[in-house]
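Two forms, one chain: they're shown below as structure tokens, one block per form, named structure 1 and structure 2.
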Structure 1
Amino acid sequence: MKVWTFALSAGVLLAQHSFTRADIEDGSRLYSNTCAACHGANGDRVSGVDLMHGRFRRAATDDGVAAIIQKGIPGTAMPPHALTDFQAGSIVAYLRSVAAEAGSVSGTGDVARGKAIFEGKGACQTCHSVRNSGSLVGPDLTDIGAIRRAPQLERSLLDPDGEILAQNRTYRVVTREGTVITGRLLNHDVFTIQLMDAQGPRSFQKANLKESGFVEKSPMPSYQGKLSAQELADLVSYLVSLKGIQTQ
């Protein structure tokens, strides 16, 4: 198992830990859920900051970056986050590991060809939509390129079960008659559960259900062996281009 050790400058917190690939993947998920909304999928949305290339305004060490993640920066838009030392460290370890992903096929594709694959051979619109075109069963991908990096998108296409964001997990209900319905969880309260499936939004009374809960596996199929390396690169390039604005 590959182990990554990060100990820059005078840092001691991160020097006490070695981060496995699983830890770094956890750091990736934490980054997506905690940091990407403001810093962007590539860590360069804030002026003067490039998190994935070691460009920080107020931290000279990895420990300093981890401390800012946890404590925030008073008087700025950077809020504190309730993360353990190890969780904050795993985010930093993820940031430091990004450069090692240079071998990915991502970034070598053609956006126009990728769009054609998305709408055709890939059948992505069966579950996903882009700018209100497509299905609402799966997550809307209109701004996926702003919150997910190319290597992450590539991994999701090849191994959908490897990393499932919390907000994208599939929910399953079983009625008293034995009917099974799965879909994207929209909302739930003490008495009801609301799902989005192929039929549209649906509401269920909990009193009428035998079972309900999240599904561990992703309903998305793997494209491993279904797309060539070039087709995969094209599709990823198209997804990366989706940043909430019109894409030709």
Structure 2
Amino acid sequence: MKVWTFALSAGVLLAQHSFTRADIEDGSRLYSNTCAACHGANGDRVSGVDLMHGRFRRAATDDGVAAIIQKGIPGTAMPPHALTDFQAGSIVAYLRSVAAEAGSVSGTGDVARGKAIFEGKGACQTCHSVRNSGSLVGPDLTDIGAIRRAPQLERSLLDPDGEILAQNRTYRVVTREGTVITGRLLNHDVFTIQLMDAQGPRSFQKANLKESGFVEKSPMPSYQGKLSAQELADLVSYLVSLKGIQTQ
């Protein structure tokens, strides 16, 4: 595991709660759905306000920031939001996690060229879906640009094994009859296992399995050396541009 991810993987600890990586992703989604229209993807679009560098003008503590999010700032354009304490906290945790993250991407890319690489040379759709087209084998990337930032995305492409998120882990089962199925682990309990493979979600009774366990290596190939620096930058720019579906 890479040093850069350590702070994030361990979760962000705020005053009352600790937030897991998945919570921070939810916070990130909430941010892009409810805040980004005014504050921008980088948190600096409202003049004089900078949400992603860890310092706030009107609040000293995380709870203070969460309170601003929930109550708004009367007399300004900052509206109140009907979010629970936990949701507001997860947004703050997201803002903190961005601030804590160092690193920058090598070069600037072109979104259209990146899209062409994604669908062509990179063959990313053999495993990933964007806006309902592609495969279910890997995580859906429709809103990857809303939940990851460029440096993380670049690392995902160069070193897929570096950090695999809990929701993206690959699991393999072998049935009594010898059928082998691998897929992303969705859920499991004492008796059953749920996986997502290319066909969709599937459930297995553990009693009916000969073997089961995590697959250590990511099925995703590293693109180190397979794409030029420019191609990589293009691809990352394309991924950053994927912010989910827009309301029509």
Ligand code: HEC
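Here the structure is a predicted model, which is why all the values come from computation and not from measurement. Rigid core (definition): largest C-alpha set, two forms, superposition within 1.5 Å. Please note that residue numbering is based on structure 1, beginning with 1 at the start of its sequence.
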Checklist entry - Which of these two, 1 or 2, is the form predicted together with ligand HEC? => result 2
Next on the checklist: Does Arg176 move appreciably between structures 1 and 2, meaning a CA displacement of 2 Å or more on the superposed rigid core?
Outcome noted: yes
Next on the checklist: With both forms fitted on the core, check whether the Cα of Arg113 differs by 2 Å or more between structures 1 and 2.
Outcome noted: no
Item to check | Threshold 2 Å Cα movement between structures 1 and 2 for Glu25, core superposed | outcome: yes
Item to check | Thr192: CA movement between structures 1 and 2 [superposed on rigid core, Å] | outcome: 3.5
